[in-house]
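In the form predicted on its own, a lone chain appears below as C-alpha cells.
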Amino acid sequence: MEESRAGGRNPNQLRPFSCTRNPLERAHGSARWSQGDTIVLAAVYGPKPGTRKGENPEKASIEVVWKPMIGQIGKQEKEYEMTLKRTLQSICLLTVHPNTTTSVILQVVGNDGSLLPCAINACCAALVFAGIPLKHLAVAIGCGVLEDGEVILDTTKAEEQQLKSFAHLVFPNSRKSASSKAPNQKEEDSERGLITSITHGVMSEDDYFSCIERGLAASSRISDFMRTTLQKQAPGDV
C-alpha cells in the first residue's frame, strides 16, 4: 500500500507549479519557475553575433551560466550547465540564426529538491518569452527510487536524502506549445521518447523503466500547465 508523503502527497503527485513571464526587464526573455519551494529564475540574452572558439559558426551556439543561491559554482553546478546546454541545443532551431550565441543565465532562488528539472522548465519558458526559435518545448521531471523500490515524483530535498537512486528525465512537449499549428502524426511520432536522462545511484532496469513510465505520465501534466501558461501570457508566441 502506497503511503502518503510529507505534505500529504501521494507518490505520483507533483507540487504546485508557478511561472512568471519576464520578471527581468533587461533580459530579452525571462521566467521565474517554481515547483513548491524550489524556485529558479532564468534569463535569456541574445542571439548575439559570433560564437565561441570551437563552436560551429554555421549554427547558433547556446551558452549556459548557473548561479547558485550562495557561494561559488562547484562540480555539481558545472554538470548542471553541461546538461542544460545539451538539452537546450537539442530543442532549439540552431540553423535559424547561424554564427550567433544565446546566453541563458540561471539564478537559484530556492532549493527544496528536484532543482535541475525545475531549472530546465524555467529555461524552456524563458526561451519562448525571448522568441528563440524552437523545434518544440521540453518538460522535465525528477523521479526518486526509495529503498523499498517505490518510485516517487518531484522529490523534496528531505526526500532526496532517503533515496537509493534517482532519475532526472526530460521529455519533448507537444509542438502546440511552441507554435499555433497542430502537430501531424509524423511530428507526434518524432516527439516521443527522452531528450535527456540523468541517473544517480543504484537503479535496476525495472526501476529505470518504472521511472520513465511514471515520469512520462507526469510530464503531460507539466506540458498542460506550460501550454496554458504560455498561451495565456504570450498568445502571440505560441
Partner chain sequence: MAAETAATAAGGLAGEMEVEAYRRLFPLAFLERHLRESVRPDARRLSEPRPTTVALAAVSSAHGSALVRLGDTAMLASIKLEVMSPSSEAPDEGSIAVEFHMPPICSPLVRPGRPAEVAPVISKALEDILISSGMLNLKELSLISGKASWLAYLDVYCLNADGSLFDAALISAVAAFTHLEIPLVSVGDDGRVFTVGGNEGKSKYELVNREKRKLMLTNIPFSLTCALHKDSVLADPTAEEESIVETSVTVVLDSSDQIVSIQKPGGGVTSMATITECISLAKDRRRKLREILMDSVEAMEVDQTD
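Because the structure is predicted, anything quoted here is derived from the model rather than measured. Numbering follows the first chain given and starts at 1.
Same protein, other form: the form predicted together with the partner chain, not shown, and the subject of what follows.
Relative to the partner chain in the model of the complex, residues I198, G201 and Y208 are all within 4.5 Å by at least one heavy atom. With the partner omitted from this view, the residue of A158, V96, M82, I73 that lies near the partner chain in the model of the complex is M82 [heavy atom within 4.5 Å]. Contact annotation: the partner chain lies within 4.5 Å of heavy atoms from the stretch 74-82 in the model of the complex, the single such stretch among 104-112, 74-82, 121-129, 150-158.
Using a 4.5 Å cutoff between non-hydrogen atoms, I39 does not count as a contact of the partner chain in the model of the complex. The closest heavy atom approach of T100 to the partner chain in the model of the complex falls outside 4.5 Å. At least one heavy atom of K59 is located within 4.5 Å of the partner chain in the model of the complex. A27 falls outside the set of residues with a heavy atom inside 4.5 Å of the partner chain in the model of the complex. For the stretch 131-162, the set of residues having any non-hydrogen atom within 4.5 angstroms of the partner chain in the model of the complex comprises only H136.
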